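Shown next as structure tokens: one chain only, the form predicted alone.
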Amino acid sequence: MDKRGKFVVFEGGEGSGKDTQIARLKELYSSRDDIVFTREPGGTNIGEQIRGLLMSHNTSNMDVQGEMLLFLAARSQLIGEVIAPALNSGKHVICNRFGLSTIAYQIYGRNRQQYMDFLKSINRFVVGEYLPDMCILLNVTPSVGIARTKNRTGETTRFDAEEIAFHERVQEGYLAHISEFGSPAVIDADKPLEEVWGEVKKAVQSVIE
């Protein structure tokens, strides 16, 4: 069997610039056919339908337990359909969000510390051996990130509309648990775009040759 590929995950709060940095990576690696880009929730037909439910402003009354389980369901589908086959065939995977986001948003953001043991148990069942090799956290100050979301075009989600205290708790969760999802790389996303890009490129190239 071919050598397994590398799995790199990008994490960060709203307005941290994940989409922008991943778009640049897609351009950088546009000539390569051994790198798969995907996102969570999403990345599959089923996952994108779940994403629609999770991100819609029309589902702001969603039960926290149901919210958490939907993220896990989308993750399970993504691993089975995209991530595992790619890695096992020797391809590298770069994913926009993964398991750390669920801890940051659903446990810390939603103030549900009592769900932590359950979440970690189910996530181990879902993820299995497919843990990231590197987790890149674009660490943005919540007030800076939220200000950016108000100036961007495109998709907005119900998470963008949460109070600033929610996003501060999310940041706390990211920093507290990043080491559980592969080799951690924390990048100051408050910095100018080009400085962040330089650090992102260096981090990714340290894993993907």
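When you see a residue number, it is the position in the sequence shown, counting from 1. What you see is a predicted model, and the numbers here were worked out from it, not measured in a lab.
From this point on, the text means the form predicted together with ligand TMP, which you will not see here.
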task = State yes only if every one of Tyr108, Pro142 and Gln171 has a non-hydrogen atom within 4.5 Å of ligand TMP in the predicted bound form; otherwise state no.
result = no
query = Counting only non-hydrogen atoms and a 4.5 angstroms cut-off, does Met55 reach ligand TMP in the predicted bound form?
reply = yes
request  = Evaluate Gln77 for contact with ligand TMP in the predicted bound form, applying a 4.5 angstroms cut-off between non-hydrogen atoms, and reply yes or no.
outcome  = no
query = Arg97: heavy atom within 4.5 Å of ligand TMP in the predicted bound form?
reply = yes
ask   = Do Gly43 and ligand TMP come within 4.5 Å of each other in the predicted bound form, heavy atoms counted?
value = no
key: Region of this chain that lies against ligand TMP in the predicted bound form, out of 142-150, 175-183, 58-66, 35-43 [heavy atom, 4.5 Å]   = 35-43
